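Consider the single chain below, provided in structure tokens and representing the form predicted alone.
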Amino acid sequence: MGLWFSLFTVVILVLFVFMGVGVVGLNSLFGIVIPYAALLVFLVGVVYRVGKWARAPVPFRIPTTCGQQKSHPWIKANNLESPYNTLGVIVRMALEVLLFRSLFRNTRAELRDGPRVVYGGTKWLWLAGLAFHWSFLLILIRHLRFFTEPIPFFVNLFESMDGLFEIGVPTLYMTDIIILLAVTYLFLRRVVIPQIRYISLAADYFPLFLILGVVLSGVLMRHFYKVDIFKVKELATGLFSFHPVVTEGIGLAFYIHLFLVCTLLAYFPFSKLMHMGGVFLSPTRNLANNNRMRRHVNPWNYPVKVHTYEEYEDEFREKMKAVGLPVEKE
């Protein structure tokens, strides 16, 4: 149900642009008003979500670890798996953010004959996730050429590396192929594997269809449905400088691509895609595991009267001695 609802929603979004631009001619609405509105929703939504997470109290250290914690000098600690200082946390976070290290680990459990539980990795999921995110980042960097003048040197550098093989005219970028394959795999994984299909909701399918629509519209616009690149850059630089100008003749394919991007941008803060910011605020990741080195007291605990062992023994010493229980003081 969630799959077809998500697919139907994306199709409706495309038809909405087709009617608004191709039939009614609302170029200014789809070229200026909606992009600014989507950017505003994105910024306000991200700030709100991050601020809400930042205000959440974390009275205890709850880091996720899978290695030996630092304790006695003669016990070898694993500062990467169980960091005890800020440097170790930074390194572990960097490996998680840049290389998705947790996906490379034993994240699959199966019940085999015996019965016995067998743990394994999900290396294809790790590879697809890594390929998707890095390709998406490189595509965003390439798109900076539409918003800047002069074009930064690193944009041309990444673009030349991306089109290294110079396949076709215009050049077919490697990231376009990789991101299409990665998104397709992530979608098929949710459809083919019964356990994942059972727990998948519309909130899981919709971002995949939306991103796939953005990528496909971009590829089709570049290689099949030609648009006026100079007018596209004029609109993009105008939006970036807050002096937008919509010119005629850009092409319907561009507005479909732009509207899907705006939809993704506005949807981002309210979706699971916010894990991009949430990973930095996760107490299971961003806290050092120094529970054996320091005593952490919950600052919100109200003061209570405690009954120490010494006081307990003073109260029941004679009765303890009568039944043969050891006491510290005679």
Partner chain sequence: MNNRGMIIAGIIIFLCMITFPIWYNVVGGKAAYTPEFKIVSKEKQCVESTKYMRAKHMQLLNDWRNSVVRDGKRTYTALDGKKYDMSLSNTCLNCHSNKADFCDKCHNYVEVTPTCWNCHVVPEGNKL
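Numbering follows the first chain given and starts at 1. None of the values given here were measured: they were computed from a predicted structure.
The form predicted in complex with its partner chain is left out here; the points below concern that form.
Taking Phe132, Tyr185, Phe147, Trp126 one by one, only a single residue has any non-hydrogen atom within 4.5 Å of its partner chain in the predicted complex, and it is Phe147. Comment: its partner chain is not present in this chain, but in the predicted complex one of Asp204, Glu96, Glu81, Glu159 has a heavy atom within 4.5 Å of it, namely Glu159. Every residue of the trio Lys226, Lys233 and Leu281 has some heavy atom no more than 4.5 Å from its partner chain in the predicted complex. Using a 4.5 angstroms threshold between heavy atoms, Ser241 counts as touching its partner chain in the predicted complex. Remark: Ile151 counts among the residues lining its partner chain in the predicted complex, judged by a heavy atom distance of 4.5 Å or less. Although the partner is absent from this view, Pro299 contacts its partner chain in the predicted complex, with a non-hydrogen atom inside 4.5 angstroms.
In the predicted complex, Glu110 stays away from its partner chain, with no heavy atom inside 4.5 Å. With the partner omitted here, the stretch from 139-147, 192-200, 205-213, 70-78 that lies within 4.5 Å of its partner chain by heavy atoms in the predicted complex is 139-147. Contacts between stretch 31-52 and its partner chain, counted in the predicted complex as any heavy atom lying within 4.5 Å, involve Phe42, Leu43, Val46, Val47, Val50, listed in sequence order.
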